[in-house]
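Presented below, as structure tokens, is a lone chain in the form predicted on its own.
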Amino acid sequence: MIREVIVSTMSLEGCIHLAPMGIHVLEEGMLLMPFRPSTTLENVLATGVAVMNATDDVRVFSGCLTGRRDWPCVPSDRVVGCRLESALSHTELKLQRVEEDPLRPKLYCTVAHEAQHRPFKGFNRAQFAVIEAAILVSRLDRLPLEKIQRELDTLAIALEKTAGPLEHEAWSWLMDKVRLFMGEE
């Protein structure tokens, strides 16, 4: 199973980095597979820790992909790092081993601590659409643009039917990035 979360890491100098990422859930822990080059990869290799943040604010997903990374964070509980202040829950991870790969190294982690902060009340279709669109936007340079546009057109239907103001804002940030990438702005 893969969980779509926000991963928070910290550099040795104390700079916080937030990135949306699909984390593989394993019997013995979690598997992170960041693409190279990646600040997340550099930070985890340097510090040996990361924090998975579950959030229902899809603006964080799209914001991290569109240069809006300044989301409030607080110190994590057991590892030297931070978590999203608005996280519904967070899981603190310790790096156990690395499988090198030129494109996507595998970072095997164990769970050091988990905490619940607020109940998860579920996603609506628009929130799912924003998360799926964020994944597509993160791969603009890796997938055919026609495929991305087809999928975005389909996702836009769910957005229009069920979105509130936060989902519309998150979607607009992503669509601005797509237009910029395609040279339309």
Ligand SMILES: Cc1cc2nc3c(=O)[nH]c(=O)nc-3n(C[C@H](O)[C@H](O)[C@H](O)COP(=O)(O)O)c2cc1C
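Start at 1 and count along the sequence shown; that's the residue number. Keep in mind that this is a model prediction, so the values were computed, not measured.
Note that the form predicted together with this ligand isn't included here; everything after this is about it.
(request) Decide whether L152 counts as a contact residue for this ligand in the predicted bound form under a heavy atom distance cut-off of 4.5 Å. (result) Output for L152 is no: heavy atoms all beyond 4.5 Å of this ligand.
(message) Under a 4.5 Å heavy atom criterion, is I135 part of the interface with this ligand in the predicted bound form?
(response) Residue-level check for I135: yes, a contact with this ligand.
(message) How about A54 - does it come within 4.5 Å of this ligand in the predicted bound form, if we only consider non-hydrogen atoms?
(response) Result no; A54 lies far from this ligand in the predicted bound form.
(message) Please tell me whether any heavy atom belonging to I131 falls inside 4.5 Å of a heavy atom of this ligand, as the geometry stands in the predicted bound form.
(response) Yes, I131 sits close enough to this ligand in the predicted bound form that at least one of its heavy atoms falls within 4.5 Å.
(message) Using a 4.5 Å heavy atom cut-off, which residue among A156, L140, L45, M33 comes into contact with this ligand in the predicted bound form?
(response) It is M33 that has a heavy atom within 4.5 Å of the partner.
(request) Please determine, with the chain shown alone, which of 143-151, 45-53, 58-66, 116-124 has non-hydrogen atoms within 4.5 Å of this ligand in the predicted bound form. (result) Stretch with heavy atoms near the partner: 58-66.
(message) With the partner left out here, which residues of 84-114 have a non-hydrogen atom within 4.5 Å of this ligand in the predicted bound form?
(response) Only R104 sits within 4.5 Å of the partner.
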